[in-house]
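Just the one chain here, laid out as structure tokens, in the form predicted on its own.
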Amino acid sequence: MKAAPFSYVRPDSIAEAVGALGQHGDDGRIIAGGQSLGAMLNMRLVMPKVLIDINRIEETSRIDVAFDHVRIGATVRQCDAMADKRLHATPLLSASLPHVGHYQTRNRGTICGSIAHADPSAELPLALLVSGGSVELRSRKKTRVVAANDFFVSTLTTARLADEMIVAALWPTAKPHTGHSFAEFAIRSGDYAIVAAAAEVQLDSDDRVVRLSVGLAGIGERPVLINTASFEGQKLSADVLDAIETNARQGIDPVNDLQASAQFRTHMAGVMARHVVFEALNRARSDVL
């Protein structure tokens, strides 16, 4: 099967790109890496009238490091991000990238493209969510920044408006005494995760939790955060880890499919949540010491 007919636009600037989106709205689609969109076009799951190729826009190919965040432009390739040592400042992104697709797809796929696609099993949306990151959107009228927890709505659906383009993803830099961990279970390396989990733990000098963020993917229509508010200020004992495992299994509604049953996904959600918190905790403790 081949894509339905469409017009092709290749802007030289963000202003031109958002101008095209403003003109065509839902009939226009942005393409950067095309690793997901290309297949969807060929299967006619999406049939835009206009395809807007942003690869010529120089501004979107930059990685900018600020004091408290790293800004990754819309056309930064996943392979380039993996090779950039500056991204060690965002360890959860660095930990999740090797799990994304395959060597070949990472050479073309983009960080922001995965976030825009919003597959509920994808690694980068989960990492952005747990990191407390956000997405920078631009239209002809304004620029706005949307927190990851508000950006991901449901399967392949985000808070991006029809006339908006994702111009960058904003990843907070790691704070002192913080540990991170990312893990996933998949049938084969490079497959979408059946269940994925990520954690970020920040401790004070008394080994008490300053911030705890734990998230899951592959267990619903979007990546989700586990409720951890009650654990702040506590030491992460075995009882707390038990509670985190229990919380991870509550409030999720996985589906049965050809890869796994809902019961299996629910069980794995608890096991993996406990695992990533324990691993992140040990890394945070090493940093404190």
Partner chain sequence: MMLEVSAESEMAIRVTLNGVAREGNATPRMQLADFLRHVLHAYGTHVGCEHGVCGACTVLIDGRAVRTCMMFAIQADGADIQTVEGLASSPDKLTALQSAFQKNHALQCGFCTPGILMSCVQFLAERPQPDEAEIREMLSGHLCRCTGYHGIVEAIKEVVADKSTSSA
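Residue numbers count along the first chain shown, from 1. In this text the structure is predicted, and so the values were computed from the model without any measurement.
One more form of this protein, predicted together with the partner chain, exists but is not displayed; see below.
- Taking non-hydrogen atoms only, residue 61 never approaches the partner chain to within 4.5 angstroms in the predicted complex.
- In the predicted complex, at least one heavy atom of residue 56 sits within 4.5 Å of the partner chain.
- Although the partner is absent here, residue 51 lies within 4.5 Å of the partner chain in the predicted complex, judged by heavy atoms.
- Among residues of the shown chain, residue 271 is not one whose heavy atoms approach the partner chain to within 4.5 Å in the predicted complex.
- Note that among 128 to 136, 142 to 150, 105 to 113, 161 to 169, the stretch whose heavy atoms approach the partner chain to within 4.5 Å in the predicted complex is 105 to 113.
- Across the proposed site, 5, 38 and 79 without exception bring a heavy atom within 4.5 Å of the partner chain in the predicted complex.
- With the partner omitted from this view, the residue of 47, 255, 66, 43 that lies near the partner chain in the predicted complex is 43 [heavy atom within 4.5 Å].
- The contact residue chosen from 225, 260, 31, 240 relative to the partner chain in the predicted complex is 31, the criterion being a non-hydrogen atom within 4.5 angstroms.
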